[in-house]
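Below you will find one chain, with nothing else, as structure tokens; this is the form predicted alone, and questions on how it binds or moves follow later.
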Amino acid sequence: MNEDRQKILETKHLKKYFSIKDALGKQTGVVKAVDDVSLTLHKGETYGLVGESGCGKSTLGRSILRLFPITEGEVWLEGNDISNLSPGQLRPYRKKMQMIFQDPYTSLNPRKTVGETLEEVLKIHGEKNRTVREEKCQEALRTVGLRPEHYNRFPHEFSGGQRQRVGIARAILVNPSFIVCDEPVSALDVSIQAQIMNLLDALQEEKQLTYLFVSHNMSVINYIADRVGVMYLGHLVEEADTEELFSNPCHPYTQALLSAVLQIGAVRKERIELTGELPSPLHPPAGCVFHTRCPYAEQKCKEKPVMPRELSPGHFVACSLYGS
């Protein structure tokens, strides 16, 4: 990774905790959904975020966008600290960061036409001229491969892939520089997944977009991402360029994830079976959060957290196998 490239987004020790309360409103516990995550995204790249369901991937993306209030840490967008801005102060930055949601069936209002849904975005951001709004929305639809007549149709008249194209049109409508793609192809058929990923690639090249691409599918991440971060129980346990991570996975959890990927026309790798139960983020293990399932865990892994260590340029691993 060229460090001279422009930084679009940076998180510093970001934490997002959710309070658990009883019927009387008394706090009984805290879910540590995202716990001390630092990462940097550069202009025009796709950063893949991968891990099991419940590891905190989507929560991290929504916290970055300030859809969730941040518990602790910082979020910097294009050199500006947006961590503690009020909703009014945050509004100018909303244009710069957008989101593509996972489910194209529930992310669109069934009572509104596509045109009404898209125009609402421009209304919120101050475009009062109806003709201008319609022209911009029609252009966005053409950009994502839809036709002018789709403007007046309702979501139920579209296929899943078409609905996701509408979601992408909504995200690019205000010309953002950064988009969180929250598992945007997981609800689609495999053939449609390829079309949507190719569309995202084309839009990125055309508009110099930066993506945080959240997925649990390692094959999808391998196809679309430039760099990859692996999350486990709210922590970033490994980070590297995509080619490096897939050819030389170092963290035992990353190795287990990759061993489960289907290899077409290649020698099947030995499957690494993780033993033990997935811990709850309500009561995460002390020390390394992965030690309860790690085949290489030692006593020191249970005693203190392991800080990420750079094994090679851009390849960071939080594992005591490589020093602490």
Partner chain sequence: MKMGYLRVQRILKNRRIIIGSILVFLIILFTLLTPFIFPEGPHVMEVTERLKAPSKAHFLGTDSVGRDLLCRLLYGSRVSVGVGAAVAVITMVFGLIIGLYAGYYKAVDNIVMRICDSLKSIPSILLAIALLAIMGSGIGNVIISVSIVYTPDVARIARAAVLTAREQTYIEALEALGAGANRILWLNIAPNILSSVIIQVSFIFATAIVTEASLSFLGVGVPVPEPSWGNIVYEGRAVMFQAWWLVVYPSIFIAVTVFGLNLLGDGLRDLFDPQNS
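Numbering follows the first chain given and starts at 1. Everything numeric here is computed off the predicted structure, so don't read it as measured data.
Not on display, but discussed next: the form predicted in complex with its partner chain.
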Contact stretch among 75 to 83, 138 to 146, 94 to 102, 206 to 214 - heavy atom within 4.5 Å of its partner chain in the predicted complex: 94 to 102
is_contact(residue 132, its partner chain) in the predicted complex, heavy atom dist at most 4.5 Å: no
Touches its partner chain in the predicted complex: residue 163 (any heavy atom, 4.5 Å): no
Heavy atom of residue 109 within 4.5 Å of its partner chain in the predicted complex: yes
4.5 Å heavy atom contact, residue 62 and its partner chain in the predicted complex: yes
Residue among 170, 235, 150, 251 with a heavy atom within 4.5 Å of its partner chain in the predicted complex: 170
Site test, 298, 316 and 321 vs its partner chain in the predicted complex, non-hydrogen atom cutoff 4.5 Å: no
Contacts with its partner chain in the predicted complex - residues in 147 to 163 whose heavy atoms fall within 4.5 Å: 154, 156
